[in-house]
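The chain that follows stands alone, in the form predicted on its own, written as structure tokens.
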């Protein structure tokens, strides 16, 4: 027994590093009050240790803890995205006025960030439905606290309460779906469930209903319509650093878990087809459900964003729309679609975090996040304005930015799968998004400031951090081959039993 445990532990070094980071951050905060820089440094060091652990697992495909977790290139891909996003958010937090205002709670803030990263790591590796639920709860509970960490602001407490209520409802429905699947198949392991379903061991309508209940939990995590209601209020009320974290890392974990469950549980492994293409189990039309979800998600996200005057809330609805674009990759039922979604996630991380970082910097200077605060930004801080413009152009999906490549691969996968109409819907939604992003351009470059007119001071670390986000946003629009190959390799090595 001990030998088996030690054998399994050898394959979860990144998770062990994050667990130790969490403990070290809590102890440091208790022993050295008001040394938040030290706590942040420990968390960044823990993330570096986790990155080294991930590097040692390159190419591994193994199942551990009696099939509860899979350590494979697919999970490692998402872990890299989560780890990179977590590191950026810690660096953003060091220069955020909102985080500085927390005073004695800053140490807890950084510790909770590491706890949330740990939950997300486990989410993307989970191959057991109960483990998926528990790890989703670990990530969610910490995010409830972080979203309400600005106690002095009323909308922060409101955001935390709404997040908790919607999260509790979604996880309850998901747990009920898990219980139904267990009753129908006698197992919680997704590979065993697939085997039972493939041999007709359960009623298809009952499995579809249980699958929809499961999708409620996944949909809540990725902010898919109609499970998105918490997103705008939480994104607006939470500290902008946490909003950025939820918009990228939380989505990455949710998509990683959804993609693994979707491919393993509902795909007919015995069906013959072209290489890289899959067939759904007979009687389970999960593809149609995903098509409806993706269209609703990107359309509602873009249309409601048109009416927003708060840039942070605008980016929240934009984030919902981008979840819809990424869902398009799943409906293809093939390696091309999955790899296109994974490619999009890396690109989305840089451009979305960059946009939120500019929001943080502008908010530090003006004290608000409304459209009005961006008037004359091109004159007060040309670097910030140009940077924001590039990030928004990339989010729109225009060349020569990386966002164009991300959407190009998703739409190409749809066209190859003969889903041209769905690709057209995606393109039209991208056109709609250009309008509300253009409102920000207009305020930055064509409108004069009616209030603050002083230049926005930018330190060298801020310049460096913005450049780290800007360079990939442009470079990946011109040179993207290795990233595409990495995503395709990660999908090809997917599915360890």
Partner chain sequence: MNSVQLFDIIFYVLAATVLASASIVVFSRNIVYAAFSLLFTLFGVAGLYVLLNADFLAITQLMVYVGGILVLILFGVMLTNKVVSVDIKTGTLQVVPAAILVVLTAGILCSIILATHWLGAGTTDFLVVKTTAPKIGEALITTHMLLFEVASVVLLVAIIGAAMIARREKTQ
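Residue numbers count along the first chain shown, from 1. Computed from a predicted model, the values in this text were never measured in an experiment.
Beyond the structure shown, there is the form predicted in complex with its partner chain, which is absent from this document and is the topic of what follows.
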Using a 4.5 Å heavy atom cut-off, state whether residue 333 contacts its partner chain in the model of the complex. no
Does residue 468 make contact with its partner chain in the model of the complex, using a 4.5 Å heavy atom cut-off? no
Using heavy atoms and a 4.5 Å limit, would one call residue 346 a contact residue for its partner chain in the model of the complex? no
Can residue 104 be called a contact residue for its partner chain in the model of the complex at 4.5 Å between heavy atoms? yes
In the model of the complex, which of the listed residues (38, 456, 432, 26) lies with a heavy atom within 4.5 Å of its partner chain? 26
Candidate from 284, 417, 300, 180 lying within 4.5 Å of its partner chain in the model of the complex - any heavy atom: 180
In the model of the complex, which of 313 to 321, 132 to 140, 250 to 258, 420 to 428 comes within 4.5 Å of its partner chain (heavy atoms)? 132 to 140
Just to make sure I understand: among 57 to 93, which residues lie within 4.5 Å of its partner chain in the model of the complex, judging by heavy atoms? 65, 66, 68, 69
